[in-house]
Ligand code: ADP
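Next comes just one chain, in structure tokens: the form predicted alone.
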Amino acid sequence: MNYNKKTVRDVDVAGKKVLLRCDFNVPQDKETGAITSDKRIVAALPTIQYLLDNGAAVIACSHLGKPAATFESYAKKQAEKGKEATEEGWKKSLAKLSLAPVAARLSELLGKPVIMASDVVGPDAQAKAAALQPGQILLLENTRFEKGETKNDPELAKAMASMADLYVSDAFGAVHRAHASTAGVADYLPAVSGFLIQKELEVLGGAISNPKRPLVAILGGSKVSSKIGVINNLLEIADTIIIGGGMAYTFSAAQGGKVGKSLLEADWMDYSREMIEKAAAKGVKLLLPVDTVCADAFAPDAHSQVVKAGEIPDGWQGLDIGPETVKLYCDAVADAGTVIWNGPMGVFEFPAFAKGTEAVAEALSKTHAITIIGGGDSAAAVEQLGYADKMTHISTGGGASLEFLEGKELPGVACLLDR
């Protein structure tokens, strides 16, 4: 995939109406609906401010959550929960996922009014977009209120595009999805990237195509099956691959180890053996845990003990990497040129089993390497531990960064104009 895409700086935006896809999928309080973190809104500000300062009229759009776009889909969800569906209940569920609170916070951050449309491509959006002047910003309602959004419906994409002269993509967290607002609109408008996506492509693209070596990839998380493509692709380019998290137990079992009640994908044991053999054949160091912190239950206060890898007693389950493994992994990143980290080393949600993840985060904060955190739980870990400012780059898209590392084409990037 070509990572060298045109950005907002490569086009004249003065006097243009710009459809800007942002990632305003912010966390909210379930009871009050209040935004609990505005990081994603703040992340969009540089691109928005640039467009406004350079004479563009900005029509921003984003999804929020997973609303039921039709009453039928809402009724189906309710039936699965054993609940009755009503029109009033459906409308309330949509109201909870309105972007109105985002518009209010964005207005505060920009220090200027944000005009809010009550629909996406309906009469209100069309009228407000038509009246929009340079230096003004309009926010469309939640794109997923339209049933054609997730299906990449060409009619919806065409309707959205009809309001603007240029499309700017700046929602990296959504570029792996071929939706109407992330890819479809580029069929009808010239499309370039905003500053967020530009940085993601430069940093992640550079790490894949021309990394500062040694390149060390740390892969955690629960399942081997979700990281197959990533491991396979990284075996072609990495110098060292470190495996942690729940998927390590499938590798351990594949080598004849005892894993007790640990997370195990028996169907992927042959694949794990193939990866070990492939790494050896390519001269890539594949580091697996040498010891494990195991527990007698999946609980924050479970009894725990440290055992050698492959020697977990019956009835016990591995929940974190052990102290010897921590040392092995931290030593591996100390002299790295580039480190890519995606996925925790253990059950990070339980403090007693977060030590492996914490140690890796601390080691990355001390290395002189280029450090790239692939979003999701890894990003949450470095932020919670206070190491975020010590990292070179924290990706804004967990799923997108994972597919990027797999070497997959991202629809929301492929649709942008090449330089």
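Start at 1 with the first residue shown and count on from there. For clarity, a rigid core is taken as the largest C-alpha set superposing within 1.5 Å between two forms. Please read these numbers as outputs of a predicted model, since none were measured by experiment.
Here the subject shifts to the form predicted together with this ligand, a form of this protein not shown in this document.
- Interface residue remark: residue 184 is not counted as part of the site for this ligand in the predicted bound form, having no heavy atom within 4.5 Å.
- Residue contact with this ligand in the predicted bound form: residue 148 places no heavy atom within 4.5 Å of it.
- Among heavy atoms of residue 188, none comes within 4.5 Å of this ligand in the predicted bound form.
- This ligand in the predicted bound form comes within 4.5 Å of no heavy atom belonging to residue 67.
- When you look in the predicted bound form, the only residue of 260, 221, 211, 322 with a non-hydrogen atom within 4.5 Å of this ligand is 221.
- Proximity to this ligand in the predicted bound form, taken as a non-hydrogen atom within 4.5 angstroms, holds for one residue of 318, 173, 289, 194, which is 318.
- Segments offered: 100 to 108, 156 to 164, 246 to 254, 75 to 83. Contacting this ligand in the predicted bound form at heavy atom distances within 4.5 Å is 246 to 254.
- Although this ligand is not shown here, in the predicted bound form the stretch 353 to 384 places heavy atoms of 374, 375, 376, 377, 378 within 4.5 Å of it, in sequence order.
- Once both forms are fitted on their rigid core, the CA atom of residue 317 lies 2 Å or more apart between this form and the one not shown.
- Fitting the two forms on the rigid core leaves the C-alpha of residue 226 displaced by at least 2 angstroms between this form and the one not shown.
- With the core superposed, residue 295 shows a C-alpha displacement of at least 2 Å between this form and the one not shown.
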